[in-house]
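Here we start with a single chain on its own, the form predicted on its own, put down as structure tokens.
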Amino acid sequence: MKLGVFLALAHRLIVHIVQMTRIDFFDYRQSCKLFYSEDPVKIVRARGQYLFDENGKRYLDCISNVQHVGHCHPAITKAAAAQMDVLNTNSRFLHDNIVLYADRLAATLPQKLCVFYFVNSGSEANDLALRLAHQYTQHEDVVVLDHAYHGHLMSLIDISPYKFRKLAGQKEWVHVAPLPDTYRGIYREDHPNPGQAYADTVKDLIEDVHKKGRKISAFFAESLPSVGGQIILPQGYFPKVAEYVRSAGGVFVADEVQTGFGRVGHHFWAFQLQGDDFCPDIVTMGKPMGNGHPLACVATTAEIAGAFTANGVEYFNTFGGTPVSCAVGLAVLDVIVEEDLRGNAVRVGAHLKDLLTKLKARHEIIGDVRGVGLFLGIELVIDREKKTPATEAAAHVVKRLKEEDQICVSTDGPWENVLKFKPPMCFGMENAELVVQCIDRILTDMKASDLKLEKEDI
């Protein structure tokens, strides 16, 4: 067969296969959102706070809060492999690991949170929390914070303004309260009691719901709103909101999927920043639990769990809380203690925040520096007085950090103008200093070149 004929037949065969399998040639990045989608990085291995691409180039990871105690931590991989070699089965069989792990988690939480449901992801945990709230209260309506994101299941898209505003819109049973942002919200740093003022907006919202003849099932909030822009909530906000919600017959759900397991440093859970006496009715957790292994959980009270059980519909989770998952979870808790990662979050987080605050004095484009522990944000603005978001500037900084310094940072906030830092908890002092030095250089270059960036209206 001549080469030309062979190539023509081969081409026709490929076209036929494509047509038969209905393969469409399109940019795969449309269906799977990647970091640095215009120039994605192929990561082939990692260790600690570092990522390595296919060419051996090392990147400092300021993004991966899922790999909580560090990428590929040897103690975690050893525990997983050892248990996998013995048994990994449905959690409906008896096994010590799930009991041991529940006991360890219970020791970190207020005493009344004593019932644990193990699941596979933060999204699954938040969906189950909704079910628990609905069954316990026999009400449907949910109050959420503006710009919130609670997961990718349909039930959670419905209570995530960050998502539903881009899709089908707000359901009649979902009610959105103002985000308690004291930098650019309706009540700011100069307000005498922003916590009370923002809580009263929830009270007013509940009253409006009642006027419509509806009843509140739950108030659902991240303990520190992340997608909303790395927000630190004002003191007193959660306790007052919980008071109003419970008076209306609802329950308080704290979403700790992003912030739990010591990321804030002095506390194991971010909701504890609101005071030692404050306790949610339901706590959801996920991402950092398994250091990358799919492990998540819902913790609640015996009373709420009893109401959930009383409906006669059994609950079980095939892969939630398996012997391997719980072995991994136990190993993560061990590493947090043995390597004093909460202490590291306090020390390194305070140092990073201090360096960034000093950077703010040098660069007018930095409107706000906020955070606690290793949960930090830098909000970039075109005009400090007007607080006009510097969205393109933030994207420019992220791009240059990746290309010039091999530092992985991303943005968040309603206008994607907040540089966020949620690195593995082993992030060190030298890492913090390097990041700030590089941001300083980039912002100085932008100022020197009088880089013109499009002004965007709030």
Ligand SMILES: Cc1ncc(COP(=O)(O)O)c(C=O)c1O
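Quantities reported herein were computed from a predicted structural model and do not represent experimental measurements. Sequential numbering from 1, following the sequence displayed.
A second form of this protein, the form predicted in complex with the ligand, is not displayed here; the remarks below concern that form.
Site annotation in the model of the complex: the residue of A270, V143, V119, V257 reaching within 4.5 Å of the ligand with a heavy atom is V257. The partner is absent here; in the model of the complex, the one residue of K215, H152, H191, K78 having a heavy atom within 4.5 Å of the ligand is H152. The candidate spot formed by S123, N126 and E222 lies fully in contact with the ligand in the model of the complex, as each residue has a heavy atom within 4.5 Å of it. Put simply, R263 is far from the ligand in the model of the complex: not one heavy atom of it is within 4.5 Å. You can rule out all but one of 349 to 357, 144 to 152, 99 to 107, 379 to 387: in the model of the complex, only 144 to 152 has residues with a heavy atom within 4.5 Å of the ligand. Residues are counted as partner-facing when one of their heavy atoms sits within 4.5 Å of the ligand in the model of the complex; in 278 to 299 only K287 qualifies.
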